[in-house]
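Below you will find one chain, with nothing else, as structure tokens; this is the form predicted on its own, and questions on how it binds or moves follow later.
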Amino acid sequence: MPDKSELRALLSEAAERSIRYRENSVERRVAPAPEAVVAVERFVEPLPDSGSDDTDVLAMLDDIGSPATVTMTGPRYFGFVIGGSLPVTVATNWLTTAWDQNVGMHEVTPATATLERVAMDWMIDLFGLPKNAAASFVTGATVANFSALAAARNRVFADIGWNVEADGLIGAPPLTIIVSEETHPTVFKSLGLLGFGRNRVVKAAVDEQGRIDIGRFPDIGGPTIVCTQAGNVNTGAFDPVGEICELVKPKGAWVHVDGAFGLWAAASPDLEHLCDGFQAADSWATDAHKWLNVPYDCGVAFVRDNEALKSAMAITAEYLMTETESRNPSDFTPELSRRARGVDVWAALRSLGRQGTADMINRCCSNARRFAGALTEAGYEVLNDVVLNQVLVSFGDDATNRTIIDEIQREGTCWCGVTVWQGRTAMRISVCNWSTTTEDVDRSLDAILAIARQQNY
């Protein structure tokens, strides 16, 4: 075991290596060099019989691992919808890791449990959600969707007299699940985990931007859960959630919103109109590690019916301190053991404030429009209405698109992903990083257009 001086030296070196990595993330290539990827095979070895010096372990991790990472923290990563982690959240993440708190019960972890409660209240206020809503801090939108839909399952079955927690789904009355044709696959995964099945759904038709077409919405009868979307993963489009709520809630349906990144539009006065009517839903899922730019991993589920979420998630045992007037985080999350994710959310919102959060969201959307405008002007086809931070561009036929995207990723100036949108292969640009500037956009455009022109001529 290291003494105090050895501990300080080890952690100081870790901090210095981490700081150096972040400082270099602006200028380093986004995709790792091929030789760096090959070098990670040096990690593959038999378990050593004897241990190694801690500083040697750290050095090996940094010397081999760091060069082989994709620079998702940098300003020119536009692949998946991934934020870059604000500096203050990296710092608080280090500190909460040093605390090593298992955030399950308030009596055991009062500081982190309180910070999560404050962060929850701030987000509820920021999104305009019901003030009495409950929240789960989980790994990401997959588990956030799962948690919210677990609450939906409990409440919808309870409304027809079936105790699904006690009696399960075998022999349960039939329940209808309505999803969009453009529903994200994590929702289907959540439905499978909850025992509903991934395929036993009714799919609502969508328009050319991937929004649910309210004019062709399925008829409902009996207990129903409707899954909607804030921010299509390809186009950024929003389902007409308010209209859907007006249509189905009088019939007793539960409306869920998958807002992995799009829900953050509600934090911007310039964009909140996209979320009109969303507050009438029953549950919402989002990610903080996307547009709030906190470190991985951090998703959040919100549920209007506090007791429905608690009934699906609460746990009791004789050795647990569950009898308390304080809010026990473990009553609202699938996990009993987990890290203090909510602290990073608190830090980001405390650092940015309401205005800073809106400015960050607006800046990303402005940069997305800058991409779309320049690509259109260059003669390439932007396939979506750029209403948020997503841009879909086609450079020609499917084979040409894939060749260009592969070369853009290899070249290293920026990193953009490939997708298939309504039968067409396209490049997807997701602008989600707090540090992306117009200079980063222009530098990326120069590289993208040079590669595209080379392939097209």
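For clarity, every value in this text was computed on a predicted model and none was experimentally measured. Don't overthink the numbering: it's just position in the shown sequence, from 1.
There is another form of this protein, the form predicted in complex with a small molecule, and it is not shown here; the text below is about that form.
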- Identify which of 141, 103, 227, 309 has a heavy atom within 4.5 Å of the small molecule in the predicted complex; exactly one of them does. 141
- Query: Out of 81, 275, 120, 360, which one falls within 4.5 Å of the small molecule in the predicted complex, going by heavy atoms?
  - Reply: 81
- Query: So, in the predicted complex, is residue 153 in contact with the small molecule at a 4.5 angstroms heavy atom limit?
  - Reply: no
- Hey, in the predicted complex, does residue 284 get a heavy atom within 4.5 angstroms of the small molecule? no
- Message: Within 4.5 Å, heavy atoms only: does residue 304 come near the small molecule in the predicted complex?
- Response: no
- Query: Does the small molecule get within 4.5 angstroms of any non-hydrogen atom of residue 145 in the predicted complex?
  - Reply: yes
- Note on the structure: Only one of 217-225, 160-168, 127-135, 255-263 sits within 4.5 Å of the small molecule in the predicted complex by heavy atom distance, namely 255-263
